[in-house]
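The chain that follows stands alone, in the form predicted alone, written as structure tokens.
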């Protein structure tokens, strides 16, 4: 059963989940900067979530999600991605617009409506950005490595975060590098040099900086339905 949470609590859970994957515990000051709110506001929300056993808070070491908190955070991310898919597939919004609009009402979406949307969309495996939609009641979403981690001969599909700069999105689009597009790495130049990719039969060159902003699902992950 879904945990009833406010918008601010949902957003905080998502931020802790994302930051914690790389850094373990997350300091409240970092969370305040990420969410653009005062540290006191974060502290108040952290206290409420700790009282519900969704996170562990140590004033000197930061916060860490409990197992229940991880499930709640993943559930929020799942709902966001389902709403994005609805906006893209049924209402015709561009993939990079769906992310912004989904945040307007996803926190008020009843579980019953979320479930029906998922079925109506034919149980999609990924959001319009190319990131996976996890099954209900799980505590983890498989990580997707950056494009630059691939080596020549590797094949993968592209995922582009909604936070990607608009000029980068435009550049990627001009090269055919859109979410869920299949690519193969042909060359990887040494010393942080560019990647040469095959995209829809065309050779495209992407700098190391840009390739680190794109994420991928590799051929091996295609066989896993998360």
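Positions refer to the first chain, counted from 1. In this text, all values refer to a predicted model and were calculated from it rather than measured experimentally.
The following text describes the form predicted in complex with the DNA, which does not appear among the structures shown.
Residue 44 is the only one of 175, 44, 34, 196 with a heavy atom lying within 4.5 Å of the DNA in the predicted bound form.
Although the partner is absent here, residue 161 is not a contact residue: none of its heavy atoms lies within 4.5 angstroms of the DNA in the predicted bound form. In the predicted bound form, at least one heavy atom of residue 38 sits within 4.5 Å of a heavy atom of the DNA.
Contact check for residue 48: a non-hydrogen atom falls within 4.5 Å of the DNA in the predicted bound form. Although the partner is absent from this view, residue 201 stays clear of the DNA in the predicted bound form, with no non-hydrogen atom inside 4.5 angstroms.
Residues within 4.5 angstroms of the DNA in the predicted bound form, judged by any non-hydrogen atom, belong to 25-33 and to none of the other stretches in 25-33, 161-169, 182-190, 65-73. In the predicted bound form, not one residue of 134-161 has a heavy atom within 4.5 Å of the DNA.
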